[in-house]
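Let's start with one chain on its own, the form predicted alone, as structure tokens.
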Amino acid sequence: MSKDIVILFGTESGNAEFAAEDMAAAIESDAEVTVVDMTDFDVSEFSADVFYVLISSTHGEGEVPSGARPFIEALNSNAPDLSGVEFAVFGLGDSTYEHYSRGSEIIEEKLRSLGATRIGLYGRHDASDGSLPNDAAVEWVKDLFATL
């Protein structure tokens, strides 16, 4: 891929962060990859020259995790024009809950409403099957970049 890659994670318990780091390690030989906590990301820095991979858990009753709340609030208040920005999404959740993987969906919907374009299949990890989110995230991101 000719663009730099930024992996943005939103987490409550750390699972999305650990998975983001493993994803970066899996693809870093193909491009310049940076992992950033959504809490620390300035939404005015979105760039069409960067490909974004977002990974987020879901918290409570289908809400974004605390680590993604400042990110969503900044997108809501600043409403940057994200035309030309491309991203992919991987959601963490548990399908035994009513709002499975809803946190990542909220982020995806917000980015698209501001003009960004989602690329590739929506990735998900279902904690109800007992597998580790890292394994599913790494497999998904490798498949994503193999098709880009």
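Predicted, not measured: the structure shown is a model, and the values here were computed from it. Just so we're on the same page, rigid core means the largest C-alpha set that superposes within 1.5 Å between forms. The first residue of the sequence shown is number 1, and the count goes up from there.
There is another form of this protein, the form predicted in complex with a small molecule, and it is not shown here; the text below is about that form.
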Answer yes or no: in the predicted bound form, does the small molecule come within 4.5 Å of a heavy atom in every one of 16, 62 and 92? yes
I'd like to know whether residue 12 contacts the small molecule in the predicted bound form, with contact meaning heavy atoms within 4.5 angstroms. yes
Does the 4.5 Å heavy atom contact test between residue 24 and the small molecule in the predicted bound form come out positive? no
Consider residue 122 of the chain shown here, and say whether it contacts the small molecule in the predicted bound form, taking contact as heavy atoms within 4.5 Å. no
Looking in the predicted bound form, any heavy atom of residue 127 within 4.5 Å of the small molecule? yes
With the small molecule left out here, work out from 110 to 118, 30 to 38, 76 to 84, 96 to 104 which stretch has heavy atoms within 4.5 Å of it in the predicted bound form. 96 to 104
Using a rigid core alignment, state whether the CA of residue 13 is displaced by 2 Å or more between this form and the one not shown. no
